[in-house]
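Coming up is one lone chain in structure tokens, specifically the form predicted on its own.
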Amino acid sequence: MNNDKQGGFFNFGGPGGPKLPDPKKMGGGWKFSVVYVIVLFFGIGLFNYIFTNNVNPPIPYSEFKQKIESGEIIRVEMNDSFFIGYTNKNPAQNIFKIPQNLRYTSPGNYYRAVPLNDPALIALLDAKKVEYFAVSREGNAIFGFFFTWILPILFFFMIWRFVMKRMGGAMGGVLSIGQNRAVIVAEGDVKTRFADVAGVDEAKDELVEVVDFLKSPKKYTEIGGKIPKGVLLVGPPGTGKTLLARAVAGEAGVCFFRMSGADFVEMFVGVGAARVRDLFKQAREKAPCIIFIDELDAIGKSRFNNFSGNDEREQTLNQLLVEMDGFDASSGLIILAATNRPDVLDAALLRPGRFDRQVLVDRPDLSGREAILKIHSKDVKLDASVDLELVARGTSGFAGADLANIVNEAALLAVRAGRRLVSQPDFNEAIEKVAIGLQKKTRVLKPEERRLTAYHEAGHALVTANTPNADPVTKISIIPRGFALGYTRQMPLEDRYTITQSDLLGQIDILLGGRIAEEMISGEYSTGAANDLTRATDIARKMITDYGMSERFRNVALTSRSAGSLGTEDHHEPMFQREYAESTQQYVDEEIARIVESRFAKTKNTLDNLRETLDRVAAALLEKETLDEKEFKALLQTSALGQC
């Protein structure tokens, strides 16, 4: 029982277009060419080494002169590299005029020596009547120049070109580093439509005007209207911002430029600005079209309190601001951007004339989740018993990407079990797998740990059942999953957007129920409720500092909200900053302790009155390991009848 976690309904633990060249096809032949050049280069070097250096190695010059004096050498051939002394009259006369540095003579018939500036050698040769002559390098000039200069330069050029190509350049990455890296999808090749997007109906309605303008701009220009130059899609990760942008391009039937904000930033100064200029230049040539910049906050962070100076990111932002201000929206060029951090964006980006319209793409509600599930499961073979509305109820707070993952996980689970259709239990298991983690069937708990976990989860479940307005318990399990040794699942009956003070106190009661049940049977506390306590304390703190629910600071918020930040804490909770004195902090700490202690005493009294039911539920968990909603309600009814 290491952690307790609640994801809204869980208490657990405690226990197409112009096709770009294929890089593989582009690099395949090139890679072989480089290999061939390397083999040829080293082959020639090896051949030259064997046939020029290892055949009769040079002898000392003094020894060479001694052999002339002794009469052993009777003929001397001179060139720039060696003096070659032959011991017979017919030393393989020029051997078919093969270049001198490749000529071969049988070992033992000649001697070689490195030439020295020795005028006495000619006198010695004349005195001994030795025939001597010089050999010109006429046959070697072209080969020597090629192997000495051309081949090495060609070799290193090819290696440089290959490396630059692997780094992303077309003809050497440095020469094309200022070109934008946008993925261009040609007109008509975007297959996504608004029908493929669900759960964000309000956002779709906002974008219909953009599509209509791109299809028939005269309707707006004739009346004097102007379409927004830029539309900023704001929302938590996974809610479908990129999908919406593709749907706009698909509905409008125009060219689509897709690029991430991080693609503009490079280590070289000025590259980001150059890429922005190149992107807008290409977009104007293909207008009407849509430019989509994902993760805009990568280049659009506020310049206020930026002490790094005029850095590369700021230059890129400046160029983007200039380009957005410099084009006419009537040309049919629309900019869409997406971010989940609107609070960090520069104010100049958000003013009218640049990103005129901000569209919130939030997590879907119950009907939206059901519609998303229908879209993602249309190609999945579902059993007739599958109720997608029930799945949608069990996925409160999930984004579109999460729901797509659940459908896929359910299909994989069905295949793993050998079924041809996806059933409702597959979806239930997929939800728990995504929200909590993998089921760890091989983890063996000690009997005492298993008993503590059973009472811990039974405590959560019983307090939930006796808390007004709490979501009903649908499953209790002591099978380890993820980091949890057990969990209690609740199913929201409907989406809730506001929570009352009594509901918050009820959540604290539910979180404390597990620890209280442990203490009732063992007489001491364990670490299994660590996450429960963390979350209960967090709720109590927010009641005092954020929601104005304290005696001293009633209706006063002690923190300032960091406006617009999404997905930072809970599903919809923004970030807060502390703005109060140390004495107030002491009061907050004392008030948190008071609230938690009072709820602990109340919850303990509730479980004391339900001790028989607690034992009954824990015993059933120890026997079956998992209880569903019907089994849990049956145990509650049995206890109620027994008390009657």
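Counting begins at 1, following the sequence as shown. Keep in mind it's a predicted model, so treat the numbers as computed, not measured.
This next part talks about the form predicted in complex with a small molecule, which is not shown.
Contact check at 4.5 Å (heavy atoms) against the small molecule in the predicted complex: none of Pro217, Gly332 and Ile335 pass. Only one of the listed residues (Pro115, Pro472, Gly270, Pro237) places a non-hydrogen atom within 4.5 angstroms of the small molecule in the predicted complex, and that residue is Pro237. Checking Gln315, Gln358, Ser550, Thr242 against the small molecule in the predicted complex, a heavy atom within 4.5 Å turns up for just one residue: Thr242. Contact annotation: Val200 falls within 4.5 Å of the small molecule in the predicted complex, judged by heavy atom distances. Among heavy atoms of Ala404, some come within 4.5 Å of the small molecule in the predicted complex.
Although the partner is absent here, Glu131 sits far enough away that none of its heavy atoms falls within 4.5 Å of the small molecule in the predicted complex. The small molecule is not drawn, but in the predicted complex it has a heavy atom within 4.5 Å of Asp196.
Of the candidate stretches 509-517, 120-128, 348-356, 370-378, only 370-378 has residues whose heavy atoms lie within 4.5 Å of the small molecule in the predicted complex.
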